[in-house]
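Heads up, the chain below is alone and in the form predicted alone; it's given as structure tokens.
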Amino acid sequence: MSRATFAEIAAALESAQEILVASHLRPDGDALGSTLAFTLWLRSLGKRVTAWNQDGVTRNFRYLPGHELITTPESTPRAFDVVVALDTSVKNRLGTVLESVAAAGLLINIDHHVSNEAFGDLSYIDPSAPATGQILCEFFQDRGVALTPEIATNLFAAVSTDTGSFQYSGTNARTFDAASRLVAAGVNVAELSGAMYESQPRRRLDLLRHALNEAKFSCDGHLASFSLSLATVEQLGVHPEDNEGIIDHLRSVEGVVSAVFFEELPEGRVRVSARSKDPRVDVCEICGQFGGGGHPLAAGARIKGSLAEVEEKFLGAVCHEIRNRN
């Protein structure tokens, strides 16, 4: 593994013909927008590019230009000159993509998670960037790439969704500089924002209503949490992508320092999403204790155990950090 420069990454891609671009399972807007932007750019260079994601493109992201380019991995493994992993902090979070790569001449890892393991032959990890989409904006600027409206729209969606509409603490001057250049390249902000934030399915409202009714507050009111069982998922008829952003409603409550969302998964696992409003409560470090990772103020993990068991252990760890703030 080497710490790559933009020039080294561009050179590696220039000499390749068969390229795979992939991102983490249960993809969010940053993963999908970054994948599509990079895929569209590489195709404009005449490369043969495949874009895979274990879960494909969920319905709530089908407004992204070129979304049909991302497919689920093929059953017969294929060989690629280069595999590009985007927004993926841990290699195994590529999921079934790994099983469908017969061989890769080179693995490139571009990401912004502080917990990234720097897997790959060339890695560009920038935890100061609030989104992988911002890194790609800077990559394209560095390489003198003229952005099309389609590429710019995907990057704007990537940055906007991963910064909470430019609200989260990682948002910096570089973020707004990137956004300005993307708008200048042809992003229709009003139209895109409507698709991102004002076109929610009604079942998501049902889930939000349930979450707010069942929310728990502990640790002297500083810790908010919500658990979603498989039985409730079946009852409400919600889809995995409907969970996106639910935790932010708990985090927004006055006095809450940290919010945690527990989602029961099949085969005795629980998906945990954690948020913090106080840098002294590092949820990335807490999730790391359970095999997960992410960012200091936004992280996650998948933990073996029942919903009740995982909830008790994880909330105990978070409350310990809240009470021991200096």
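The first residue of the shown sequence is 1; numbering continues from there. Because the structure is a prediction, the values reported are computed rather than measured.
Form predicted in complex with adenosine monophosphate (AMP): not shown, discussed below.
Figure note: of the listed segments 62 to 70, 36 to 44, 49 to 57, 271 to 279, the one touching adenosine monophosphate (AMP) in the predicted bound form, with heavy atoms no more than 4.5 Å away, is 271 to 279. Only one of T163, S89, T175, S100 comes within 4.5 Å of adenosine monophosphate (AMP) in the predicted bound form through a heavy atom, and that residue is S89. Interface membership of G29, defined by any non-hydrogen atom within 4.5 Å of adenosine monophosphate (AMP) in the predicted bound form, is ruled out. Proximity of R93 to adenosine monophosphate (AMP) in the predicted bound form: non-hydrogen atoms within 4.5 Å are present. The closest heavy atom approach of A299 to adenosine monophosphate (AMP) in the predicted bound form falls within 4.5 Å. Proximity of R251 to adenosine monophosphate (AMP) in the predicted bound form: non-hydrogen atoms within 4.5 Å are absent; the residue sits far from the partner.
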